[in-house]
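Presented as structure tokens, the chain that follows is alone, the form predicted alone.
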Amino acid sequence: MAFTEMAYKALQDIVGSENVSNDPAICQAYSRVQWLPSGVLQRERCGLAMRPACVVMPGSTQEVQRILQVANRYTFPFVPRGSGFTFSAFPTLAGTIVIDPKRMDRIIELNEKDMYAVIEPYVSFVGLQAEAMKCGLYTPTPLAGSQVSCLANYSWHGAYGNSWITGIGAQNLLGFELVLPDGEVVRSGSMACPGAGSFWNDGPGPDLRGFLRSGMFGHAGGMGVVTKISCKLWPYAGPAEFPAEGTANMKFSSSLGENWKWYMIKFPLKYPEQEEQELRKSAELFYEMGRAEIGEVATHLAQQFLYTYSSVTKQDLFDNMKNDVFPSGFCVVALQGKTSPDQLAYEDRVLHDIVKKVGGIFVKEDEPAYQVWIKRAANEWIRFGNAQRLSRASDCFSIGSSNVDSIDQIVYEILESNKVGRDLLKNEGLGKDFVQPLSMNGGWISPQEYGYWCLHTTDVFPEQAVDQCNQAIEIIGKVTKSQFERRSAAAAIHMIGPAYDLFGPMMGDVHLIVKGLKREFDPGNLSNPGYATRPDVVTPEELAKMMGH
């Protein structure tokens, strides 16, 4: 594979000379990896190979088609890029180009009646949110932050502060337009039928979301470039303009109006000795809320999430930890009167009955936990403008474990995963230099769709140092190995990159199906090489070590 001057001129002919660049300074900017441990290791391993040969910015689906046709003609690899938040959006081979669709930033349609939007790749969550709120609608915003590409997030995964209502990205993706690696266009859902509209994923027309998303997380541009999606919008009874006061990291939102109300709930248990009981009581709370079908947000936040997301500075973070502002995990609940204030009043009465039934206690407004979380951070779980705070503790973090299952099974998975992590710390010293007690403690219980199912994550906080990042990856690998040894459902969310080879045999040989599709639609392996197969930055020997083999 090689990128030649002739290929560069062909790209100039497609998008115009002003929309393609091989300037080393510009290309270097596209090789910056964010703070995930995997990204830090990728930066160390690949060096200048992460600098693309050029960056090209198409302005339409037709231009994307022609770019991919040129790539096939001259056989050079390409990486589609959204907002560049994940390590998979960067080259790992010299001679790779980056396709940056930042000129494709239109909200094509915002349908107030049927509650959906049709958008291009560079529409951010905050951009869509601002327009939707004017119409009494809103979109879930990921913990990655409102600045990320809505299209990329839905095509990838997406977990949200209000997943209690919305579910993850897969539940919000209605239809899509995808340029396959060979330049052909495929559409899914009702978008595939001319004149049918963009309102539905199951038809009329084919439902190809499984092809786009594969296992759970999608294939990171390994099957082409998504140029358009249709996505759900949700009822919103707050102000048309999101209310906030202050500037930069001192910006806060104190109220979403009379139709919204926030609560923090705790249990009279000793922490951490009675962590298991606290988590099981939280699960009981969510099950009861699901039966009653109340609430807009319902989630359990471990100390790591409470401290990081509420901190306005690094000093503030460590001061709050020193002062024990969050002595345990807490349940956070929001009610929204979508139809009227009477609905809010009714749900408030039901919630109070449920909390009393499960033995919970409402945190009082004058308590430090309430003042720091509800007053500072709660409304951000609707807008999510404070995502960068998660990495503030060490300037690096990673999900230590994750899973999808029932709520009670998720509680078990959190406890078991944290036990593995703590044993690795005690017996092998892995993670001893991480920021503690944020690492390998507690967990995020995120019930989905009124508790129909549930997602969890736990986090680790290494520094941006190669040795610590290697330890983080090893911890994650061994935790994942333990999940599979106990036949956890975690396989569903690990099916990407090297995990296809590891876990595919446990999932009906899906890795062979995906690789077959890759060979069919990308015979030259040009579209983000390594996805959906094995990234070159991880050797089989290293992979075996990470998994404890």
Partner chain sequence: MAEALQTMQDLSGKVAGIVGSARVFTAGDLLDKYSANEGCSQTGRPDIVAQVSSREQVQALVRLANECGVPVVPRSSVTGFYGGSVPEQGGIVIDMSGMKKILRIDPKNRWALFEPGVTYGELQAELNAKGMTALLPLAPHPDKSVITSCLEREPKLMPKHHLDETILTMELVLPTGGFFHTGSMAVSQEPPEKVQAAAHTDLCNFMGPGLDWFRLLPGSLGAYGIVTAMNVKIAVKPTMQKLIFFGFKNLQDAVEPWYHLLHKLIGDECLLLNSRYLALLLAKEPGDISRLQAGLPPYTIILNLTAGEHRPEEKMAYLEKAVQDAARIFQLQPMESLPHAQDAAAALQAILSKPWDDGGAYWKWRGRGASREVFFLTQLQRAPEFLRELQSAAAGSGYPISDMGLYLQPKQNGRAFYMEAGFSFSPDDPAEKARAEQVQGEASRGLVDKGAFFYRVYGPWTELVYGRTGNLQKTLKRIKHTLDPNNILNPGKLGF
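All figures in this text were calculated on a predicted structure; none of them were measured in a lab. Positions refer to the first chain, counted from 1.
Below: the form predicted together with its partner chain, not depicted.
J.: To verify the annotation, which of these, Val325, Val363, Ala170, Ala465, has a non-hydrogen atom within 4.5 Å of its partner chain in the predicted bound form?
T.: It is Ala170.
J.: Looking at Val297, Ala378, Ala302, Leu233, which has any heavy atom no more than 4.5 Å from its partner chain in the predicted bound form?
T.: In short, Leu233.
J.: Report whether the minimum heavy atom distance between Gly477 and its partner chain in the predicted bound form is within 4.5 Å.
T.: Contact with its partner chain, no.
J.: Mark Arg209 yes when one of its heavy atoms lies within 4.5 Å of a heavy atom of its partner chain in the predicted bound form, and no otherwise.
T.: Yes, Arg209 lies within 4.5 Å of its partner chain in the predicted bound form.
J.: Does any heavy atom of Gln274 come within 4.5 Å of a heavy atom of its partner chain in the predicted bound form?
T.: Gln274: no, not in contact with its partner chain in the predicted bound form.
J.: Could you confirm whether Tyr370 comes within 4.5 Å of its partner chain in the predicted bound form, counting heavy atoms only?
T.: Tyr370: no, not in contact with its partner chain in the predicted bound form.
J.: Quick check for you: of 73-81, 434-442, 316-324, 177-185, which stretch puts a non-hydrogen atom within 4.5 Å of its partner chain in the predicted bound form?
T.: In short, 177-185.
J.: Going through 447-478 from first to last, which residues have a non-hydrogen atom within 4.5 Å of its partner chain in the predicted bound form?
T.: In sequence order, Glu449, Tyr450, Gly451, Tyr452, Trp453 come within 4.5 Å of the partner.
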